[in-house]
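One chain comes next, on its own, written as structure tokens: the form predicted alone.
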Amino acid sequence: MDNKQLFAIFGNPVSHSRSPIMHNCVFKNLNYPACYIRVHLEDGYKLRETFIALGLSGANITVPHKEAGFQACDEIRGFANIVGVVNTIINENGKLIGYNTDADGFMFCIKEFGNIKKVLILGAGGTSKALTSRFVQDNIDVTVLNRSKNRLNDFTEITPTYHTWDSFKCEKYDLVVNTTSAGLKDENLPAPKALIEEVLNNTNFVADAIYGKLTPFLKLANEKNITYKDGADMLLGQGILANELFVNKELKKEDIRKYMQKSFKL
């Protein structure tokens, strides 16, 4: 097994990540010679050197290092070029190639919500940037809402509608998405409670990029009988696409999906 490939997920925090269970379930059941581990990385600027030092064949990048993932690459392909955010890196003959599978994974996850025309996204990090750009591609009306103004500067060329908490005026939305880390390691809401209450009273559906727990944001949505999704489906969607890249499409997408879905029961 000397030729066994090694893959990893970089994040901070990363101990909660289900990615190793998902990918290892695929590798094991389809007899693919690979292993997937977690790497807790505090400094995103050390991503490239850590990737190389570990001899990785590929990696996923989670919060807060997705922009650092973009900087770590020699070449960027596909949708990642549009957003400047990378969540999947492939070692291609010593060159690090960056991709973004987050946005398509999310579109996969909200299909059952039906026809979405107007979306409010909470937060202005890498995931928000990817989703906003992807929604705009589909001619969906997107508003981005963030606590501080400086991160919103990244959105000036993506969407005309972005606000801080102070300048925001609520409208009617088909979908509200939380991309902040609020509720991941704490019991915080992604914005002041009065603002979140108003937003939830004016939306049909709710999604949270966080998975594995019912965040305070989703609890509130649940209390209001709003149909919601946590990040598990988004995780599954992006994971299938990332695994296809890891194995260079040597495995069938249907098989990858089958065993990734099975991993959620482990």
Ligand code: NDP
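Start at 1 and count along the sequence shown; that's the residue number. Since the structure is predicted, the reported quantities are computational estimates derived from the model, not experimental observations.
There is another form of the same protein, the form predicted together with this ligand; it is not shown, and what comes next is about it.
Engineer: Select from the listed residues A221, V26, I210, L41 the one whose heavy atoms reach within 4.5 Å of this ligand in the predicted bound form.
Structural biologist: It is I210 that has a heavy atom within 4.5 Å of the partner.
Engineer: Taking heavy atoms only, is N188 within 4.5 angstroms of this ligand in the predicted bound form?
Structural biologist: Contact with this ligand, yes.
Engineer: If you check in the predicted bound form, is G58 within 4.5 Å of this ligand, heavy atoms only?
Structural biologist: Output for G58 is no: heavy atoms all beyond 4.5 Å of this ligand.
Engineer: Evaluate S148 for contact with this ligand in the predicted bound form, applying a 4.5 angstroms cut-off between non-hydrogen atoms, and reply yes or no.
Structural biologist: Close contact exists here: in the predicted bound form, S148 approaches this ligand to within 4.5 Å, heavy atoms only.
Engineer: Hey, in the predicted bound form, does G126 get a heavy atom within 4.5 angstroms of this ligand?
Structural biologist: Result yes; G126 sits at the interface with this ligand in the predicted bound form.
Engineer: What stretch, of 198-206, 43-51, 29-37, 226-234, brings heavy atoms to within 4.5 Å of this ligand in the predicted bound form?
Structural biologist: Selected range: 226-234.
Engineer: Could you run down 64-98 and flag each residue that has a heavy atom within 4.5 Å of this ligand in the predicted bound form?
Structural biologist: Residues within 4.5 Å: none in this stretch.
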